[in-house]
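A single chain, nothing else alongside it, follows as structure tokens in the form predicted on its own.
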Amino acid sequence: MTINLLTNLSFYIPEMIAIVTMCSLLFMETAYANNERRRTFVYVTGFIGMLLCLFSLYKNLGIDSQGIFANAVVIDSFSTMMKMTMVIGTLGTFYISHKSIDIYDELKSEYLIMAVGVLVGGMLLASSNNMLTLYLGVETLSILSYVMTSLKRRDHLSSEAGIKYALYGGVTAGIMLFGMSHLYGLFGSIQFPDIIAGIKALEGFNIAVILSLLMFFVGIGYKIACFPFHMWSPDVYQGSPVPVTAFFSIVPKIAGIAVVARVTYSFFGTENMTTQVWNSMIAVIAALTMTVGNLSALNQKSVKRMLAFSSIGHVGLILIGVLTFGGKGMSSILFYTLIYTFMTLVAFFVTTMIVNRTGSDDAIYFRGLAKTHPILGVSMLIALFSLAGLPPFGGFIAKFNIISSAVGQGLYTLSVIAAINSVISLVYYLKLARTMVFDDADGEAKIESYSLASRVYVIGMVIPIIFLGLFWNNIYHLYSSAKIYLN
């Protein structure tokens, strides 16, 4: 038993590194007085811990797919690649939080601690192989997220956002747990392989199974902010500190997408009525999520709120990849989430700089940014063009691969809807781009936190967007080899 446990732990080293990093940050925070503004050593520790976690995940790519901890958790290349993207996103938001004045100095260590905690929950979620570990992952990710939303405790918008997030999250988690309990009652097991076998054996239309799966999806749909569970997202994004908003745009969404992809690929690999209902539901949700997200973003003045609706639109597009998971969908999702991470980091870093200078994320304060701060302006333009799916940037390749995989699977209606939504998104992305390039700036006010390191950071985040738009074959080939553990 002891040997077996140690063997299992040897495959769980990345998560253990993240947990040790979180505990180390927690103990270090106690050594700082409240009036010590720069917690440099805490940030250095966080960066080192995340780099070690990333390296350990890279090493795990060479491990054969297998189940550990009594098959409650799986280690496979798909989950490992999704975790690597989550760690990259976490690392990127660390620097944003360090430079942001939107988080009080005395609470920046708390941000790091909770961000790593959410990451641990997301990593567990991506590797879940039974309903208990999935629920633990959701709750670990969620509870800390509620606190992160309210970090600006002297700001009523932040407090309101935290309350809304907690209320919505509690309700959806309860509905999901109710659906899980029904699945256990129907199939007599919480293990995914047993549920998969039960669903494959179904004949005809089983209303109890369908309703249970729908309730199960509610909790995951809430995490990825897909329609109709997206209502919390704009308010939470706008009320949260900018680094928290950037973090929410990446880690919880990627973790949720990993679960939806795994469940769809594993549970519904055979053709029966249950599979048809599930796939039809995902298709309808994908179409509505894209359309609602992009249409709602058109007239937003708050850039954070605009990016919130934009991220909803991107989730709808990724859900199309979930439907084509047996073909090119897996590699398309992995590539999309990687590019989306870099685009999001650039967009929110520039927004952080504007908030630091003006105290607001209103689009009016982006006027003339390309003239007054060329590196920031050009970086934001590249991020916006890539988010819109314009060549030669990575976002174009990501969208093309998703739509191409949908066409290959005969999903022509969804492909057309995705193409139309890409055109709609051009309107609000180019509107902000025009403001930055053609409008005159109000003044030449300097940004205090815009240092040489900040210039290096934003350029470093832009390079993958350009590079993966031009030389995407190798990374896409790597993602094509990803596998999901099915035992």
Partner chain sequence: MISLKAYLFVSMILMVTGLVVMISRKNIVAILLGIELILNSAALNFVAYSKYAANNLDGHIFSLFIIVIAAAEAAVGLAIVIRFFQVKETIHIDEASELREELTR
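Quick caveat: nothing in here was measured; it's all calculated off a predicted structure. Numbering follows the first chain given and starts at 1.
Omitted from view is the form predicted in complex with its partner chain, to which the following refers.
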item	value
Stretch in contact, per heavy atom within 4.5 angstroms of its partner chain in the model of the complex, of 168 to 176, 82 to 90, 368 to 376, 249 to 257	168 to 176
Contact test, all of Glu139, Tyr146 and Lys164, partner its partner chain in the model of the complex, heavy atom 4.5 Å	yes
Among the candidates Gly239, Gly395, Gly313, Gly219, the residue which, in the model of the complex, approaches its partner chain to within 4.5 Å (heavy atoms)	Gly239
The unique member of Gly188, Gly204, Pro228, Gly359 whose heavy atoms fall within 4.5 Å of its partner chain in the model of the complex	Gly188
Partner proximity in the model of the complex: Lys200 to its partner chain, non-hydrogen atom cutoff 4.5 Å	no
Contact label in the model of the complex: Tyr104 to its partner chain, heavy atom within 4.5 Å	no
Arg455: touches its partner chain in the model of the complex, heavy atom cutoff 4.5 angstroms	no
Distance check, Leu214 to its partner chain in the model of the complex, heavy atom within 4.5 Å	no
Sequence-ordered residues of 304 to 324 touching its partner chain in the model of the complex, heavy atom within 4.5 Å	Arg305, Phe309
